[in-house]
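Next up is one chain by itself, shown in structure tokens, the form predicted on its own.
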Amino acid sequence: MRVPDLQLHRPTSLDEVFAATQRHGEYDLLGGGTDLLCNYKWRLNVRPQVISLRHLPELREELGGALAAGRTLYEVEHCSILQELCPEVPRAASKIATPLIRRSATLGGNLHLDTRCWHFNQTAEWRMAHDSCLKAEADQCRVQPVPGDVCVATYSGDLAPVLMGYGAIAVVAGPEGERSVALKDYFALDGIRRFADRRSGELMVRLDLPQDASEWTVRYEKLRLRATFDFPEGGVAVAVRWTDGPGSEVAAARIATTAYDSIPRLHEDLAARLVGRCIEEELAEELGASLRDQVRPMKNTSMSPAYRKKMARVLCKRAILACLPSS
């Protein structure tokens, strides 16, 4: 399959990006292209104008820092600064796709992965034979026909729940300047709209971490068909800040999931039940069971919803226990 005809723009500054977005009504932003161009080959929501972000210094380490949105996943995986400050981010990056893909795919691209669904991520011919879906050419959701006007395609980025565990802040830039939004508030529960408050012409330039980020212990557990290449079928990140050093009582906690909904989601009520307690297997089992009861996976990925739901308990328990210092 070939990429359809389009006009590619290669700006070298943010001002040139904003000028291009204001000039063209329908466009896509291109990072590494490892997800977007695959969708284009399948004729999925193709835009006539594509704006490459590969040559913007603001999205590279020199200006954007270690969590600049344009850094490749390979660079994130091997970044000594991140390994010291937030080691679970490089570790989670190392679990994404394959080494070859990580050489091209970007941090910002992984956070902005399009939502996925069996009725959407198919060839144009397949969709034509199956009446397509709300996210592509049709007017009704095939996974949830009632009410049918809401897309329930699944978010499948790995890094969002981990960065939420560290309390990351997304910095977005637009024609009117920069602004910051907590990553946990960045996404919209809509498989089509996807982002809650991203205004016209804006793009993410970097992520900032709070000053206490290095005080948090974060662990991420991932479910997928194969040990490499595949998108997550479920993912749980657990973050804890200890009262008196690793293994003591939990002073603060966060629990985040991916691939169970149209957004990566924080489960603040579950995390609150960790605070003031010491991590033990019984507690981990209890919270894992509660997370299993909360998630509502849809029948739109390779694994069955029942199995993905069951594994939420396992992933949560593993991630909680992994926060303990190794013996």
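Each residue number is its position in the shown sequence, starting from 1. The structure displayed is predicted, hence computed values, not measured ones.
Although not depicted, the form predicted in complex with a small molecule is the subject of the following passage.
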If we define contact as a non-hydrogen atom of the residue within 4.5 angstroms of the partner, is C141 a contact of the small molecule in the predicted complex? no
Using heavy atoms and a 4.5 Å limit, would one call T154 a contact residue for the small molecule in the predicted complex? no
Contact of T257 with the small molecule in the predicted complex (heavy atom, 4.5 Å): no
I'd like to check something about L203: if you look in the predicted complex, is any of its heavy atoms closer than or equal to 4.5 Å to a heavy atom of the small molecule? yes
Which residue among G235, G191, G109, G165 has a heavy atom within 4.5 angstroms of the small molecule in the predicted complex? G109
In the predicted complex, the residue from K184, R219, K95, K135 that sits within 4.5 Å of the small molecule by heavy atoms: K95
Would you confirm whether the three residues D35, A69 and D158 all fall within 4.5 Å of the small molecule in the predicted complex, going by non-hydrogen atoms? yes
Tell me which of 298-306, 22-30, 285-293, 263-271 has residues with heavy atoms within 4.5 angstroms of the small molecule in the predicted complex? 22-30
